[in-house]
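Encoded as structure tokens, the following chain is the form predicted on its own, with no partner shown.
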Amino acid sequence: MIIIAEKLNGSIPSCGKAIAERDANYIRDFAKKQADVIDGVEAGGFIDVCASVKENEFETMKWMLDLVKEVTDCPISVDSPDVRVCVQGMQYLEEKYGDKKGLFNSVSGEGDKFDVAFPVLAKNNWDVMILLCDDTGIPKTAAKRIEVFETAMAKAKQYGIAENRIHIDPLVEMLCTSEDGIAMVVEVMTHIKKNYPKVHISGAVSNISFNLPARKIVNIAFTVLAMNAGMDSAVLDPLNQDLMGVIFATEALLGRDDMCMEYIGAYRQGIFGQKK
């Protein structure tokens, strides 16, 4: 599983407070803790950096990026709903730090986002997260989401972006408002993996449990089912040892961990099962 570490996001109250107060130690500390976990995962991952502020978003992101780079060389995911801020963040990391690898998070079929992001991404080797929505909003059916996916893939091909650089977010929504559980999302994931096996399937794990009690339990159950459907990349809390343990166990149960060596190694490193 490719880990996209979620803790440096201004929409999280504690992180938002740290950003507002310019608490550099908070940013550095969480960057280092998350990087330590990612370093122990064979598939690797990214530290997501999302300022989530209304004004001077790129300047705030730049401040956060510099702090993360002080403590780790782990690849970074530049995260914003504004595709142009993502472009700025990616180019800043390339120009100042020479980063050849990272994640552009994210782009969708809304407006001109593909045509803004893809020409820039065509010139480097960064991965890109694609959300399966367009100008009509979030599709309500699997068929429509697959249609948006096919449009996105055609655009990516047009710009020469390789399939293995693409992470698809099928848009994980709240379970408590769903009429069919995760059946629709699983259908989308299954279609993608069958027809584009090199494409990564991703998504924000915690979205599934909004407005439910004992959210961690729902998140864990969803992760197992989603991995079985092909999810191999996820935005999640890598410091949640229970969740990380389930991920390593599921990889082994699905036959993706020869002799359970990754599971054993992660346990010995304290990624799960042993409180640090």
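Since the model is a prediction, treat every value here as computed from it, not as a measurement. Just count from 1 along the sequence shown to find any residue number.
As for the form predicted together with another copy of the chain, it is not shown, yet the points below apply to it.
message: Taking another copy of the chain in the model of the complex, would Asp242, Leu253 and Met259 all count as contacting it (heavy atom within 4.5 Å)?
response: Answer is yes for this spot.
task: Considering another copy of the chain in the model of the complex, find the one stretch among 132 to 140, 176 to 184, 192 to 200, 89 to 97 with heavy atoms no farther than 4.5 Å from it.
output: Careful reading of the contacts points to 176 to 184.
- prompt: Could you tell me if Val218 has a non-hydrogen atom within 4.5 Å of another copy of the chain in the model of the complex?
  reply: Within the cut-off, so yes.
- prompt: Even though another copy of the chain is not shown here, does Ile208 get within 4.5 Å of it in the model of the complex, heavy atoms only?
  reply: Ile208: contacts another copy of the chain in the model of the complex.
- prompt: Looking in the model of the complex, any heavy atom of Phe222 within 4.5 Å of another copy of the chain?
  reply: Close contact exists here: in the model of the complex, Phe222 approaches another copy of the chain to within 4.5 Å, heavy atoms only.
message: Whether Val246 contacts another copy of the chain in the model of the complex should be assessed with a 4.5 Å heavy atom distance threshold; does it?
response: Yes, contact at 4.5 Å.
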